[in-house]
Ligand code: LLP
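Given as C-alpha cells, the chain that follows is alone and in the form predicted on its own.
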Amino acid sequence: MCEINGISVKDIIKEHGSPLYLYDAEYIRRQYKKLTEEFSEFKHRIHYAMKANENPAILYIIKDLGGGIDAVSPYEIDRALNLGFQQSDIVFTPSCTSVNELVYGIEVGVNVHIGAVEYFPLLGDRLKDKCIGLRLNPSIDIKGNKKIATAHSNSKFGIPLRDLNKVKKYQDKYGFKVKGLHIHTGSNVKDVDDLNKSVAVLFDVVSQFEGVEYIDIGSGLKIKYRTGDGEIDLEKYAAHIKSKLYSLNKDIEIKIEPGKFLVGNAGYLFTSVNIVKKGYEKTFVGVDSGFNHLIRPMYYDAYHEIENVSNPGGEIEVYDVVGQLCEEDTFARDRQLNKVRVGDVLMIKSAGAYGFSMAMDYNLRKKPKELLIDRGNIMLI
C-alpha cells in the first residue's frame, strides 16, 4: 500500500478507519512559497480563500506563513479572528448577503467588499467615513466549466461596470472611500489570458477612484487534476500584473485569494470498498463514502484521479466508482483501476479543496475524520 511523506496509508487506515480526509501540510507550504516567489517583484499579499477548507489546522499554517484570509460569511470572519488573524488580514466579500452581514463586517473592521450597487442606499449613512472595496463584474466570458465562472455578464457576482457612475454618486452622498477594487474571474481558469483580461479591467478602473490602495485579483489559478494536466502559467500572469503596475505608476498592493491552488492537491479522500457489483453492462465499485463527503464530481462534473492503493499491481479493469447514498452518487464512470476487491482502499486525489468544507450529513451519515501529516507526524484535526 502507498505512502505519503513516508507514512503508510495502510497504518493510517488501520488506526483511524475510513472514510477519512488526509492533508499534506508541506504541500501547502510549497504552493504558498511558489506563489510568493512568482509575485516577488511587486507588493502583494496572499489572502487564503478559507471556504476551500476552513479547518483551523489549515488556517494556522496560512497564518504562520504570513498570509491573510478571504472570508465570505461572518462565521468565517469570526473563525479567523478567533485564531489570531487581525482585522487588516481579512477581506470580506459576501455574495447577495443581508445588509446586516455587511454592517457586521464594517463594524468589526475587516476589509469589506461590496458587490452590488443596490447595497449603498440600504447601508446609507453607516458608510460615512468608512473605507470599502468594490467587487466588479467585468463581463468576461472564460473557457471551461460555466458552473465555476463568476465574471461573465450573467453572473450574480460583482457590480456591472456600467454602474460605476452610480457608485460615485453614492460616494458623494454618503461619504465613503473606495480603498480597494476586486475581481474574481472564476475557479480553475485554464487560460491565463482570461485572467489577464479581468485584471486589465481593474487597472482601467483605478483612475476613476481617488485613494485606491489595493487591487484584489481574486484567484482562479488552475491546478493539475490528472496526469498530463496543465497548470496556470504563473510567470506569464505575474509579468502581466507587473507591466500594468508599471504603467499605472502608483503605490498599489496586489491582493490574491488562492484556495484550491494552495490546498487542492494537498488533500486525499480515502474510502473502503463495500461491494463490487456486476450490472447489466457495468461493474460498480461501491464505497463507504458518497457525494455527502465529496460533492465535486456530481455537482461540477469534476475529475478526480482514483487509485486502488490496496492492489497497485492488479490487472487493469474498468469500473464505475459509486457511493453508498440513496441517490445517483458517482465519483467516476468507466474508470480504469487495478483490480478492485471488497475491503480494498481507494485514494481519491485532489480532495483538499471544496471537499470536507462542502460535506453534509445526508442520510444521517457522519462526515469523515480529517488528519494532517506535518513533518512526519499525523494529527487528528
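Note that residue numbering follows the sequence shown and begins at 1. Bear in mind the structure is a predicted one, so any value in this text is a computation, not a measurement.
Beyond the structure shown, there is the form predicted together with the ligand, which is absent from this document and is the topic of what follows.
Enquirer: Kindly indicate whether 49, 257 and 296 are, all three, within 4.5 angstroms of the ligand in the predicted complex, using heavy atoms.
Expert: Spot residues vs the ligand: full contact, yes.
Enquirer: Specify the contacting stretch among 180-188, 82-90, 121-129, 269-277, defined as having any heavy atom within 4.5 Å of the ligand in the predicted complex.
Expert: Going by heavy atoms within 4.5 Å, the stretch is 180-188.
Enquirer: So in the predicted complex, is the ligand close enough to residue 219 to count as touching (4.5 Å, heavy atoms)?
Expert: Contact with the ligand, yes.
Enquirer: Can any non-hydrogen atom of residue 75 be found within 4.5 angstroms of the ligand in the predicted complex?
Expert: Flag for residue 75 set to no.
Enquirer: Residue 371: heavy atom within 4.5 Å of the ligand in the predicted complex?
Expert: Answer no; every heavy atom of residue 371 is more than 4.5 Å from the ligand in the predicted complex.
Enquirer: When the contact criterion is heavy atoms within 4.5 Å, does residue 13 count as touching the ligand in the predicted complex?
Expert: Looking in the predicted complex, residue contacts with the ligand do not include residue 13, since no heavy atom lies within 4.5 Å.
Enquirer: Of these, 354, 32, 331, 319, which has a heavy atom no more than 4.5 Å from the ligand in the predicted complex?
Expert: Selected option: 354.
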